[in-house]
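One chain comes next, on its own, written as structure tokens: the form predicted alone.
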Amino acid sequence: MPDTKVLLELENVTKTYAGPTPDEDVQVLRGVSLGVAEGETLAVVGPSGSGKSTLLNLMGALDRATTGSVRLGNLDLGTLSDAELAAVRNQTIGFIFQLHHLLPQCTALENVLVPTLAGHAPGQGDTVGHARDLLARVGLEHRMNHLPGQLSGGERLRVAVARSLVNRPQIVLADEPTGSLDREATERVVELLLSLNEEDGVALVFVTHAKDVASRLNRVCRLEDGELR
């Protein structure tokens, strides 16, 4: 993507988790370097245990690299405090997880609004209207007041997609979000995410085992034994 700027860049990143003794430390990522351009769609594939979720956590400022650097725009995430990282996550990055992590006691609309609570009071400005618009865009305009337990798996995932976009992020990180869906529901969700990417210019990084899903994105990277192949 020659005409776009790099939005997110990892340079020679390693991630090691401490064991009971130094000899038992576990190195999950080994010298990973990767750039994601503005508006790009990227699939990260690889076998279970290869470090895909760990990589996504570092990209999303949910964890810190052991060595190397992770940059988001002009920010070096390794230099930020925990509070600053939380602000970056809230304002710049959207997350979609396989288990969705919806609050069971909250309606679909309330779940979409959750990421906005850290920045301003509910109902301030056009926040509620924006959340309603997002739910309409994902086809849930008639399900806004339903609880997660009243929604199908595909509908819950669409709520999670809307929630990931409510703070107008620059990049959305999706960790195996379609893993529990059937083929038809998976196709609908992938089409939805790609249309949102095209319409809003949001970069998308999609961790997936599904080759047919990965093939729909601009670029595919394979992670194996903690290294990009």
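The first residue of the shown sequence is 1; numbering continues from there. What we label the rigid core is the largest C-alpha set whose atoms superpose within 1.5 Å from one form to the other. Worth saying up front: this structure is predicted, and the values here are computed from it rather than measured.
From this point on, the text means the form predicted in complex with a small molecule, which you will not see here.
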Have a look at 186, 53, 170, 41 for me and say which one sits with a heavy atom within 4.5 Å of the small molecule in the model of the complex. 53
Contact residue in the model of the complex, chosen from 49, 201, 31, 35 - any heavy atom within 4.5 Å of the small molecule: 49
Go through 53 to 61, 156 to 164, 66 to 74, 192 to 200 and give me the stretch that gets within 4.5 Å of the small molecule in the model of the complex, heavy atoms only. 53 to 61
Can you tell me whether residue 209 touches the small molecule? I mean in the model of the complex, with a 4.5 angstroms heavy atom cut-off. yes
Taking the small molecule as it sits in the model of the complex, is residue 127 near enough to touch it, meaning that at least one heavy atom pair lies within 4.5 angstroms? no
According to a 4.5 angstroms non-hydrogen atom cut-off, is residue 98 in contact with the small molecule in the model of the complex? yes
With both forms fit on the core, has residue 220 moved 2 Å or more by CA between this form and the one not shown? no
Taking the rigid core as the reference frame, is the Cα of residue 11 displaced by 2 Å or more between this form and the one not shown? no
